[in-house]
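Next up: a single chain in structure tokens, the form predicted on its own.
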């Protein structure tokens, strides 16, 4: 019998009368995982009301005390790591090592944010006047909406939730529908950790209903959204109508530049992990490999040979290199891009749905490589699957030009032994993240995460920058001169 989940509103799990329901599915087997409520706009409004009622008391809870609750959550998640990692793998499809890694990233970030409860720094600055003290403090924004994707179904929710909680906000959380169990289990962790009723609320359902209701509610002052560009643009426009702060983390088309002096064995491991880890379903996935002509044939041969022994299959088997893609919709979209690639580029490897045996039960695709000139759709559009476009260039300048000629700017990488060229790339690449001698994936929680161009609207998550997304700066002037002082006005010039 499938597990049934309700909504989490005001500190209680509830299932509204006559509620519609939807199911999540294991992408490796197409078996039903669990069942969830399809919330209505009225239920979203009720969750928002509970968050608004809880705000004052949570705001006034000392930040170090909020941090203690986060540490409790991290401890619970550590205890449940093996169980939660399996839930991630069963519901999303990433291999078990990555499922456990998803949970570990959650633990790391929650612990990091707990420490911010004793920081939340402001500034003190000198005044131009005597006997006057000037400072800034951070204050929470109020009710925030956290809307999250399916590809990191515990890590990305915790990036948002932990940062919003430590800064004193209350939350209405809408997860991706196809990983709703992961989200519900995250909320259960915070419930057990002692988050007060109403501070964290979970509403499941479609973006068209739940997402639109959240973004449109005037009591929601900040919206934090991670997902696709078109959906993000819609959220941005709707939020702008209410003059809300809208933080967007969107797509990527991330390049690895492989120079002629690169350590090819090191690069091979990095490209394999970057392109085919999580079946290419990371916003930071290596989807373009830009290779110097002097090592192009040699490296492509190495890559093709290694993929000959690369295992695709059961994601719960520790020996599996890549699991299924996340859903039938994902599979269809990726296969459409592969069909397009066959027309505009040279297929080097893969390019097919895997069939036979256990493959027939799930959404399994072969790791795919295209050799393509720059400018094709597969070399410029985000595919979000195990499809790598390989491009040949003459020199460093052409490599950077190709890397930057794209609508996105999230992650980037260069493999080279030339330190001068590495630092040039750090300067030249138009991206929010640059790796040297490492793939485009592998962000660490203590550093800001985000990008430029169509990757988002300029904000950053993770690191100490995470608290900026969920806090307001208040400037404070304390005049202890016991007389009226006028900044910028020369007292001697006033009659």
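Numbering follows the first chain given and starts at 1. Note that the structure is predicted; figures quoted are calculated from it, not measured.
This protein has a second form, the form predicted together with ligand UN1, left out of what is shown; the following refers to that one.
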With ligand UN1 left out of view, choose which of 172, 161, 414, 283 has a non-hydrogen atom within 4.5 angstroms of it in the model of the complex.
283
Heavy atom within 4.5 Å of ligand UN1 in the model of the complex - the one residue of 105, 260, 371, 314 that qualifies:
105
With the partner left out of view, is residue 152 within 4.5 angstroms of ligand UN1 in the model of the complex by any non-hydrogen atom?
yes
Residue 470, heavy atom within 4.5 angstroms of ligand UN1 in the model of the complex
no
Applying a 4.5 Å heavy atom distance criterion, does residue 448 contact ligand UN1 in the model of the complex?
no
Can you check whether residue 113 is within 4.5 Å of ligand UN1 in the model of the complex, heavy atom basis?
no
Among 419-427, 332-340, 185-193, 275-283, which stretch has residues with heavy atoms no more than 4.5 Å from ligand UN1 in the model of the complex?
275-283
If you look in the model of the complex, which residues in 199-216 sit within 4.5 Å of ligand UN1 (heavy atoms)?
none
